[in-house]
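Presented as structure tokens, the chain that follows is alone, the form predicted on its own.
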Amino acid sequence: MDLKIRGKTAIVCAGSKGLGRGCAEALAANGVDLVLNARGSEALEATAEAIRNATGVNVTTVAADITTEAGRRAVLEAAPTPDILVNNAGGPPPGDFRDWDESDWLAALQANMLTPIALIKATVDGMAERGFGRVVNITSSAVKAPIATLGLSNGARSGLTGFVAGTSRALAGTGVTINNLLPGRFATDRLWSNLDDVANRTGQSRDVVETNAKKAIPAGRFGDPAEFGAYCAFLCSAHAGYVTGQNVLIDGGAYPGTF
């Protein structure tokens, strides 16, 4: 399927690894030029070069912390008129809510709620003026089915979800869509870190923890970031203009509810 986005420009945040990289690769495979952001320059440059070699698209790198004002400014200077925005940032660490203080909550809100809102604010009016825009926020399946040990993520990402619910509908008639992708367990560094945390807390071996985690997923496996990226690319396509304000769960069937 031709997604009809060849030649457009996308900002992809936290795009050097994991789900962000999966989205960047899928967009590039469909002819989208990239402004690729991540904190670590070494991994960022390696990913950018791999994408250039595989697809031939233009890839501009911005090594910066997207959760800071300076980082966002650098990214927006590199892409002042993006057609596509993929918001992504590492989630806060798991833990017990009794151990979190105000600074922990503020850091989670800054990374997983306020930063994507700031980037949406900076880009959607220009998209609307040009008659086309796509915003995809990478959130978490925990928005749909909260996980007690991920309370910081649950709270911050749910705040973003509420913001998107209203804002997406206010922009729906302009050609701009905003949707959230809710990943379950995908084979990323974040997942491996969470599994290590469970192993350390329970005294189980890492292999046992991983096996049990896969058993809890009807698909019987962890997701591939390339699968996630393909879904992101579709939501960014010309064919998805009638989809907005949605929370799309991609979790191998792990969520047990009907709705």
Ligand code: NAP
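Computed from a predicted structure; not experimentally measured. Start at 1 and count along the sequence shown; that's the residue number.
Here the subject shifts to the form predicted in complex with the ligand, a form of this protein not shown in this document.
K.L.:
Using the partner position in the model of the complex, report whether T67 sits within 4.5 Å of the ligand, counting heavy atoms only.
P.N.:
Yes, T67 is a contact residue.
K.L.:
A38: heavy atom within 4.5 Å of the ligand in the model of the complex?
P.N.:
Looking in the model of the complex, residue contacts with the ligand include A38, since a heavy atom lies within 4.5 Å.
K.L.:
Under a 4.5 Å heavy atom criterion, is D125 part of the interface with the ligand in the model of the complex?
P.N.:
Although the ligand is absent here, D125 would stay clear of it in the model of the complex, with no heavy atoms inside 4.5 Å.
K.L.:
Taking 4.5 angstroms as the cut-off for heavy atoms, does L235 touch the ligand in the model of the complex?
P.N.:
No, L235 is distant from the partner.
K.L.:
Of D96, D189, E129, E77, which one comes within 4.5 Å of the ligand in the model of the complex, counting heavy atoms only?
P.N.:
After the contact test, the surviving option is D189.
K.L.:
For the interface check, one of 163-171, 117-125, 179-187, 97-105 should have non-hydrogen atoms within 4.5 Å of the ligand in the model of the complex; which one?
P.N.:
Stretch with heavy atoms near the partner: 179-187.
K.L.:
With the partner left out here, which residues of 74-107 have a non-hydrogen atom within 4.5 Å of the ligand in the model of the complex?
P.N.:
Sequence-ordered list: N88, A89, G90, G91.
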